[in-house]
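Next up: just one chain, as structure tokens, the form predicted on its own.
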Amino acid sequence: MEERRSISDIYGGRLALQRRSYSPSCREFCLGCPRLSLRSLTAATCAVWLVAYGLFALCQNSMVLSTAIFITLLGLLGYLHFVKIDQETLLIIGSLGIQMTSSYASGKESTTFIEMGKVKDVVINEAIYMQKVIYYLCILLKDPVEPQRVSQVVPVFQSAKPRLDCLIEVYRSCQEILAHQAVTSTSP
């Protein structure tokens, strides 16, 4: 079963939430971020090139213009490859674990997998961010020495920053799968 809907991030921007349910113990959540704005790209490029042209007019050195073009292209490629995330995906498989994938604008993908045996819980946490209280979903990992303690907190959807209503939906789904997994692992 697949469900798509539009939601808001903490800044009021639009995100696309896609929810896929493969089985009672396997669900996937994809958050699509807005594409790179041509207007902001053009504004940044023009600003750099205007500054370079001003420097060229002062010193009459053509290397200034060549350097500005080179720096702009390298900056854009670096931004697309390392910073701009187009989609974040959370896949929960009750018997295996949790997989988080970030897809960058350049096509690069970064995937993290956490085994279900290492997961203590999935919670919604709050933080103060830019003079606001925001909520984020995170996975609590068990301490290998003391299983009752938390060894690490892994945040989910770091780039998209969805609002609380979306996080509650994902949280409830994760809790259903974790509860289903706990029942199936304790039954003979």
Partner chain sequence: MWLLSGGAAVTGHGQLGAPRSRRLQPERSAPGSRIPIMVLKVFFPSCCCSADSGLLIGRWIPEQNSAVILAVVHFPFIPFQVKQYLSEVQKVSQVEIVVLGTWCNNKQEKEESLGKFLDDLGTIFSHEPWLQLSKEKGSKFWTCHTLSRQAGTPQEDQIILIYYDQRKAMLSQLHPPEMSLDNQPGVIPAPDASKLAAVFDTVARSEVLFLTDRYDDGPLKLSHWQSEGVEASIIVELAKQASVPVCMLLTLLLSLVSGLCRSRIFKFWPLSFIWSKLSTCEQVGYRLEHLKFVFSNQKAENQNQLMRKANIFVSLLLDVALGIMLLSWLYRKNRIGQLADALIPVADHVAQELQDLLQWLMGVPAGLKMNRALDQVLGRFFLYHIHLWISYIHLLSPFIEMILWYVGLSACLGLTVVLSILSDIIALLTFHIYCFYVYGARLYCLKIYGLSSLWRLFRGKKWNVLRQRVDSCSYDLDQLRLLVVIVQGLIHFLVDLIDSLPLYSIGLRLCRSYRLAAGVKFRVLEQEAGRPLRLLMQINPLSYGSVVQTYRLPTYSCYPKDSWGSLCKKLFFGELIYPWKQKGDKQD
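These numbers were taken from a predicted model, which means no experiment stands behind them. Positions refer to the first chain, counted from 1.
Missing here is the form predicted in complex with the partner chain; even so, the following discussion is about that form.
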For this session: Would you mind picking the one in L50, L36, A44, C26 that has a heavy atom within 4.5 Å of the partner chain in the model of the complex?
Result: C26
Problem set entry | Touches the partner chain in the model of the complex: F56 (any heavy atom, 4.5 Å) | no
Exercise. Does any heavy atom of Q99 come within 4.5 Å of a heavy atom of the partner chain in the model of the complex?
Worked result: yes
Exercise. Contact between A127 and the partner chain in the model of the complex at 4.5 Å, heavy atoms?
Worked result: yes
Exercise. S106: heavy atom within 4.5 Å of the partner chain in the model of the complex?
Worked result: no
